[in-house]
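Coming up is one lone chain in C-alpha cells, specifically the form predicted alone.
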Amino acid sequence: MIHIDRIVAGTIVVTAVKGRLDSSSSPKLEEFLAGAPHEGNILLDFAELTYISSAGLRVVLKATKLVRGAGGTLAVCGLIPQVHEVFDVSGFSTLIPIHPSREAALATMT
C-alpha cells in the first residue's frame, strides 16, 4: 500500500510517495501522475518509499518521458539505500536526476 501527497512549490510539483511501490500499488501512482501537469517540473520525493519493483520503475520511466516530452524535468530525491541500489542496478540513476533531499532538489530545479 502507498500513500501519495502532492505539494506545489513554485513551478515544481512535488509528489511524496510513502510505502511500497510494486505491481499492486504502482497503478495508483501512475494514475496520480497522469493527473499532474506535464509542462512543468515534477519531483518525486521517495524519502519514505521503502521498496520499488520493476512495475514501480516503469511508472517512473513513463512519467519521465511525459514530462520531458512537454519540456519539463522529472527528478527524484530522498532515496533510502535499498531503493537507491535498485535505481543504480537498473540504470535509472543515469537517466533521472537523483538528489539527496527535497531541499537540494528544489534548489537545483528552480
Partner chain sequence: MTDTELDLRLPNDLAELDALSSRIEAFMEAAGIAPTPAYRLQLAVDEFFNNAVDYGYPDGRSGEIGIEVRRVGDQLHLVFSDDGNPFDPFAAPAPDLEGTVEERRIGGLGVHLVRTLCDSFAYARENGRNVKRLTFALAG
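Residue numbers count along the first chain shown, from 1. Note that the structure is a prediction, hence the values are computed from the model and not measured.
Although not depicted, the form predicted together with its partner chain is the subject of the following passage.
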Original post:
Any chance Arg20 has a heavy atom within 4.5 Å of its partner chain in the model of the complex?
Top reply: yes
Subject >> Exercise: Val76 in contact with its partner chain in the model of the complex, heavy atom 4.5 Å >> reply: no
Subject >> its partner chain contact at Gly10 in the model of the complex, heavy atom, 4.5 Å >> reply: no
Original post:
Could you tell me if Pro100 has a non-hydrogen atom within 4.5 Å of its partner chain in the model of the complex?
Top reply: no
Original post:
Do all of Ser24, Leu61 and Val89 end up near its partner chain in the model of the complex, with near meaning a heavy atom within 4.5 Å?
Top reply: yes
**OP:** Pull the contact list for 64 to 86: residues with a heavy atom within 4.5 Å of its partner chain in the model of the complex, in sequence order.
**Re:** Thr64, Lys65, Arg68, Gln82, Val83, Glu85, Val86
